[in-house]
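This document starts with one chain, in the form predicted alone, laid out as structure tokens.
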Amino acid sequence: MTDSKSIFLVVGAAGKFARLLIPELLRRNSTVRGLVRNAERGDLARSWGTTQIAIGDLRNPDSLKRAVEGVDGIFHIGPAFAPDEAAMGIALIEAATRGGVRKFVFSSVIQPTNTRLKNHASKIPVEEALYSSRLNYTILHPANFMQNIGLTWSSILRTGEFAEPFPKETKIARVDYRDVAEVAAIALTEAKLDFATLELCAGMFSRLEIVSILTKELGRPIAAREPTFEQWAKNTPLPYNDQQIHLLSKVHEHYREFGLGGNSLSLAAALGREPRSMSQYIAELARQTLAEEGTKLKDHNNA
């Protein structure tokens, strides 16, 4: 399935995580069709390399029917903390089945059977629907995304602190979502991950370990801070409503009590290499920052 005629539908191709799959599919001579909400999001997806745009809604079966027409495979990642996330995933699976789609890759979550966490448990019906379908599926269980650190990067630089609302000694399983995207592309374009369910984790890291890396790479001290969840949510730009923020608070309660476990074995096996490390991820961010600061200083001196 690696010829130029292969078409893969990427749900949320304009989003901050699903878009990371686009270059991986393009490198494999695939045509990428992005499912987006409107023309503006379509333009954004095109700017990242999407070659076809399907404007639709996971809540609208007719738009899904049009979106899946003629595609060889689908990549799906559900909207975070949406109350009808399961229903949307099942609707897409049904559309894929009716449309004769062959492959379906679902970016689920690590520990979906951890039913204490509703946003984890909401993935179970979608996984069950795949197991009970005739689709050639691959289910991915990614850990907490390293890219979430990148989303707070400006705050880290401004305050000299990396803040999360759980103990700084607590270890959390994390993964660079670019590695998840690479596994998804392998699953869509090759046969070796057919019908696999894979935990995707690069390792477990405490905030103390992360700030040690930050301090080293930035060449300035970065402190680990532990605000309350309310303080953290107030100071963090979250694209969620009150109900979604409540669900997120339960995730952090779980982290405070138990952390988040994960193992890198299956990710390394799927990639055929070691996953990107936390040190590599932060070093990339730091190099970009230091280069930008150097450019600004040069421009200032030349002014």
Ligand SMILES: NC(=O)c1ccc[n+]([C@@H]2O[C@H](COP(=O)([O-])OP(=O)(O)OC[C@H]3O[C@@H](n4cnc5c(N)ncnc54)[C@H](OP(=O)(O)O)[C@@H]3O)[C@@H](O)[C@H]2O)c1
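We number the residues from 1 along the sequence you see. Treat the numbers as computed from the prediction; the structure is a model and nothing was measured.
Only in words, not in the display: the form predicted in complex with the named molecule, which the text now covers.
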query: Contact check for G78, A143 and N148 against the named molecule in the predicted bound form, heavy atom at 4.5 Å; finding: yes
query: Close approach of I186 to the named molecule in the predicted bound form, 4.5 Å, heavy atom; finding: no
query: Exercise: L20 in contact with the named molecule in the predicted bound form, heavy atom 4.5 Å; finding: no
query: Exercise: E85 in contact with the named molecule in the predicted bound form, heavy atom 4.5 Å; finding: yes
query: Touches the named molecule in the predicted bound form: R178 (any heavy atom, 4.5 Å); finding: no
query: Residue among R59, R27, H246, K234 with a heavy atom within 4.5 Å of the named molecule in the predicted bound form; finding: R59
query: Region of this chain that lies against the named molecule in the predicted bound form, out of 156-164, 225-233, 186-194, 108-116 [heavy atom, 4.5 Å]; finding: 108-116
query: Residues within stretch 238-262 having a non-hydrogen atom within 4.5 Å of the named molecule in the predicted bound form; finding: Y240
